[in-house]
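In what follows, one protein chain appears twice in different forms, each by itself as C-alpha cells: structure 1 and structure 2.
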Structure 1
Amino acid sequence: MYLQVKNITKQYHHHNGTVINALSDVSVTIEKGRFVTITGSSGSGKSTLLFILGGLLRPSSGSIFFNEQPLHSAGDNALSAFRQKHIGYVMQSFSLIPYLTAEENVMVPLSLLQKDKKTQMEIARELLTTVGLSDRMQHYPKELSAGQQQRVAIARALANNPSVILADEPTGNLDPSLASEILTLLKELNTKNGITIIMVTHSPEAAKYGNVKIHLKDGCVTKTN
C-alpha cells in the first residue's frame, strides 16, 4: 500500500445554507510507481480528490494514509512537511513567476529547502536539462512557448525530488502536439524515474497514458481499472 483514501467525503457549505457534496464515500488505493488518471465531467470532484490526495485539502470525513501514516489527523505543520518532502505539483496555468528566468523559477522551491545558491543553480540546470530545456535556462516565461513553460513547471515540480507528482489538467492550455510532448515527458518520469503520477484530465487521449484509471461522477467513483 502506498497512498490510500477510505470513505472520503468532502462537503462545502454554500452561503445560502445548502450543503454540497464534492466527494461522497470515495475509496481509492494507489500503489507506488503507477500513472493514475482521474476523469469525469466538470464538477464531478476530480480536483477535489487530487488536492485531498496531496494534502492540500482536508476531507470532511474519512481517512487518508501515505505509507500507512495517517494524514487525515495530521496537523498543519505535519501536512506541510509531507507536501514538501513527497509532493510535486503541475497545474494547467503553469504558475511561473514572470520576472524570473526558467532557471530562477526552478530555484524557488529549492530556496525553501534551504539549499545554498550554488546547489540551487546546479539542481535547476540539471532538471531543466532533464525536461529538454538546456538551451532555454535564461529565458523568461514570455519568451517561451506554452509547451516550454509547462516543461519549466514540471522541472520546478521535480525540485524537491518528490515521490508523487500531482498534475491538474497539465495539457489543458496546450494544442494537441504540445500536449502529446508533455504527456510523453510525464510518462518517462513515471517509467524511468519511478515517480507516481496522479493526473486529472478531461481528455480521453490524455487518460490513455494512465495504467490506473479512476472515473468520477457526481462525487462518486463509478469506475476504476
Structure 2
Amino acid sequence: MYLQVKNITKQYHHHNGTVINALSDVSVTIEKGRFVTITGSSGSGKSTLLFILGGLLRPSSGSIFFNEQPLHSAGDNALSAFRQKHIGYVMQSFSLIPYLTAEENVMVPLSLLQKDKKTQMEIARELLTTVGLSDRMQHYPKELSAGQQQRVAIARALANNPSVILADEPTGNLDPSLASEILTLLKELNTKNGITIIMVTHSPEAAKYGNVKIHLKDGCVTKTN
C-alpha cells in the first residue's frame, strides 16, 4: 500500500445554497511506481480526486493514507510539509510565477529547505537541463513557449525530489507533438526514476501512457485496471 483513499466523499457548498456532490464514496489504492491515469467526462470529479490525493484539498468524509500515515486529520502545517516533501504538481495552465525566471521558479520549492542559494541554483540548473531547457534558465515565463513553460513546471515539480507527481491535464494546452514530448518526459521519470505519476487527462492518446486506469463518472469510480 502506498497512497490510499477510502470511502471519500466531497461536497461543494455553492453560495446559492445548493450542494454539489463532486465525489461520492471513492476508494482507490495507488501502488508505488505506477503511472496512473484518471479519465472521465468534464465535471466528473477528476481534479477533485487528484487534489485530495495530493493533500491540497480535504475530503468531506472518508480517509486518506500515505504510507499508512493518515492525512485526513492532519493540520495545515503537516499537509503543507507533506506536499513539500512528497508531491510535485503539474497543472494544465502552467502555474509559473510571472516575476521569477525559469531558474527561480524551480528554486521556489527549494526555498523551503535549509539549502543555501548556490545549492538551490545547482539543483535548479540540473533539473532544467534534464527537461531540455539549459539555454532558457534566465527567461521569464512570458518569454517561453507553452511547451517550455510546461517543462519548467515539471522541473519545479521535481525540485523537492518527490515520490509522486500529480498532473492535471498537463498536455491540455499543448499541440499534439508538444503533448507527446511532455508525456514521454513524464513516462521517463516514471520508468527511470521510479516516480509515481497520477495524471488526469481527457485524451485517450495520453491515457495510453498509463498502466493503471481510473475512470470516473458523476463522482464515482466506474473502472480501475
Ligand SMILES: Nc1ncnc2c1ncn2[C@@H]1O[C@H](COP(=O)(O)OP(=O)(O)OP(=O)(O)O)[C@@H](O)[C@H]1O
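Residue indices: 1-based, along structure 1. If you superpose the two forms and keep the largest set of C-alpha atoms that fall within 1.5 Å, you have the rigid core. Fair warning: this is a prediction, and the values are worked out from it, not measured in the lab.
A.B. asks: Only one is the form predicted alone; which?
C.D. replies: Only structure 1 matches the form predicted alone.
A.B. asks: Can a Cα shift of no less than 2 Å be assigned to Leu79 between structures 1 and 2, given superposition on the rigid core?
C.D. replies: The answer is no, as the C-alpha of Leu79 shifts between structures 1 and 2 by less than 2 Å after core alignment.
A.B. asks: Core overlaid, Asn16 C-alpha shift between structures 1 and 2, how many Å?
C.D. replies: Superposing on the rigid core gives a C-alpha shift of 3.0 Å for Asn16.
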